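Let's start with one chain on its own, the form predicted on its own, as structure tokens.
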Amino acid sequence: MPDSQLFDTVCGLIRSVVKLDEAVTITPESSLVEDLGVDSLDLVSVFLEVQDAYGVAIDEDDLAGLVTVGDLVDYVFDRQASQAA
């Protein structure tokens, strides 16, 4: 289970890339596209920032499944866990 620090860091990366106002609430259920207004170009930037921050590769085949912030956080957590094993 991902910790809150991972969630907070991913949210910070999203806010930075998309330039979201601090008043916008991000939850694990927030849709990257529909709720946060992340367009396709920003989405690529978010994924690249997450990859750089956590040293995990986001497989192109997995992109369609990363719909919510929680999906992305869980993905990073699982990738880190599999790299550590």
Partner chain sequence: MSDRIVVVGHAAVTCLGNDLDRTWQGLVAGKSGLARHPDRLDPGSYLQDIAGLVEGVGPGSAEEDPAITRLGSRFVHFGVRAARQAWLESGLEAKLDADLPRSRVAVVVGSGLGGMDLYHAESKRAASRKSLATGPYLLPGLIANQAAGQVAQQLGLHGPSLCPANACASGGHAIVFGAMLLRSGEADVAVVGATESAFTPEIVNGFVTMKALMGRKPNDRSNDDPSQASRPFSGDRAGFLMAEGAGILVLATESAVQRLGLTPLATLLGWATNSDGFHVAQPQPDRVRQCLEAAIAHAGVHPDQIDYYNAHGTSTTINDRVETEAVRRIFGDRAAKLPVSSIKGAIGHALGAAPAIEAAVCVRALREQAVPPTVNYRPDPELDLDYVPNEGREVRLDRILSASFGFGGTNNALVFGRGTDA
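Numbering follows the first chain given and starts at 1. Keep in mind that this is a model prediction, so the values were computed, not measured.
The following text describes the form predicted in complex with the partner chain, which does not appear among the structures shown.
- Interface membership of residue 29, defined by any non-hydrogen atom within 4.5 Å of the partner chain in the model of the complex, is ruled out.
- Using a 4.5 Å cutoff between non-hydrogen atoms, residue 35 does not count as a contact of the partner chain in the model of the complex.
- Taking non-hydrogen atoms only, residue 80 never approaches the partner chain to within 4.5 angstroms in the model of the complex.
- For residue 66, no non-hydrogen atom is located within 4.5 Å of the partner chain in the model of the complex, even though that partner is not displayed.
- Using a 4.5 Å cut-off to the partner chain in the model of the complex, each of 18, 42 and 57 places a heavy atom inside that distance.
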